[in-house]
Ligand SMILES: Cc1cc2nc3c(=O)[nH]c(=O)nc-3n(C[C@H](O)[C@H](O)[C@H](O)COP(=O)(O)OP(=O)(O)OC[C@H]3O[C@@H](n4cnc5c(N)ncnc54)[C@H](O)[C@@H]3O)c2cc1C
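One chain is shown next in structure tokens, namely the form predicted alone.
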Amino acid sequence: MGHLPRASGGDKRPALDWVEVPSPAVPVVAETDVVVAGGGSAGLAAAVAAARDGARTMLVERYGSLGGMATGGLVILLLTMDDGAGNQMVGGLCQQVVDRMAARGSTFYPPREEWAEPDEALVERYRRWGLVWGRGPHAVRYNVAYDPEEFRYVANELLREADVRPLLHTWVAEPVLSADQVTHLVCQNKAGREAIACKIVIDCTGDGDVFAAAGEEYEHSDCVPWLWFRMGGVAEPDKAINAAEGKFFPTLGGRFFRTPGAGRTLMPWGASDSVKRRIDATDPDELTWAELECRRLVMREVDRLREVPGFGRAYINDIAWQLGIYESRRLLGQHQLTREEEGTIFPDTVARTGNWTKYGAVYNIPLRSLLPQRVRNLLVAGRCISVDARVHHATKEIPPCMATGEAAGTAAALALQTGKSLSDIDVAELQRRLRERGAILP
């Protein structure tokens, strides 16, 4: 369908018929300052940042663990934390997660002195770990490979230390609006429908479920879904990569990667044949088809891997249990960051990112790209912020999602402390707090 605006109020599926359903009052099971919808990388950062600044914070997540694509999606590469020219772009909570995982010996990334080095041997070393992408001429970049279970552990510890209240196995259903304010967030879980009374909501659902249900305008793009997977028991992964080069996986030119763990390889998008169509990731029928088709293609690839030297006794380590969805809805907020604004520094810049496939590109993300046009106590963070389709290619990645999440959580706490609306908070104070906590701003 391409990049087309859609009507506000959520995506509508055709109905065969209508049935009257009783609408009992929904019990209010909690009252808090901030509710973060979605426990992926953006939601994790938003919740921790808000709670660290003193806001009572709840985090609602539909799965049984945190991290989203960074864990359940097996996209276990932090792309990118630099600009390709040796300058770090994302710090703050994302860097704290890296430091904690590194202290446990579960990461692989180049030391700072090698960033931006064009040495071909170094570039090839890191390319084998999935840390160099895009068109050359290449140089070493600050990207990070890690173990997903260690990310989950660090995420849990960050929530515990910040005194965030998590609510797992719970779907966000809809916001309750009074004029231009969200008063409650209605959720659905095994206990039925429940409501959480709140002062500020941060939409980190990835698909913009909250802002769509609240009637905010957005753009929508379909995408090609994937399932990443890992293989274990691979004899000499480097030799296996050499043997596969140019003979298998035509999408990536024979590319799969080393990953933390002896004899283990990471098979990313392109490691298996792609599905034959783009899907609407807000359509459950299309998601169901994609899930089944992607798993079929993964198993076909596993069979084909038997022909690659080193995979004779290899086995499936794990398959991502979250479908690889990289775009759907994108907010049309108070400012839409566009490709033409590459390098532009905004007075309200609260996060920044490089581009994982392009050297030297930098996008500075203004607070206005996290704010919807109508609902006054709603923030948006992660891959559904207000950017165009080309900028989205950069901002959808895990490090910038964490950066916008941290900015949103800090902004929420500041608004609550000062009694101001999100649009009227002191941006200089917000930027000061972010810098104080390690965020990198221009």
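Owing to the predicted nature of the structure, the values given are computational and were not obtained by experimental measurement. One rule holds for the numbers: they count along the sequence shown, beginning at 1.
FYI, the form predicted in complex with the ligand isn't displayed, but the following is about it.
Residue 206, heavy atom within 4.5 angstroms of the ligand in the predicted bound form
Answer yes; at least one heavy atom of residue 206 falls within 4.5 Å of the ligand in the predicted bound form.
Answer with yes or no whether residue 315 is in contact with the ligand in the predicted bound form, where contact means some heavy atom within 4.5 Å.
No, residue 315 sits far enough from the ligand in the predicted bound form that none of its heavy atoms falls within 4.5 Å.
Taking 4.5 angstroms as the cut-off for heavy atoms, does residue 396 touch the ligand in the predicted bound form?
Looking in the predicted bound form, residue contacts with the ligand include residue 396, since a heavy atom lies within 4.5 Å.
According to a 4.5 angstroms non-hydrogen atom cut-off, is residue 324 in contact with the ligand in the predicted bound form?
Judged by the heavy-atom cut-off of 4.5 Å, residue 324 is in contact with the ligand in the predicted bound form.
Quick check on this chain: which one of 221, 170, 282, 334 has a heavy atom within 4.5 Å of the ligand in the predicted bound form?
The option sitting close enough to the partner is 170.
Looking at 412, 35, 49, 42, which has any heavy atom no more than 4.5 Å from the ligand in the predicted bound form?
Flagged contact: 42.
Tell me the stretch among 71-79, 212-220, 100-108, 158-166 that has any heavy atom within 4.5 angstroms of the ligand in the predicted bound form.
So the stretch in question is 71-79.
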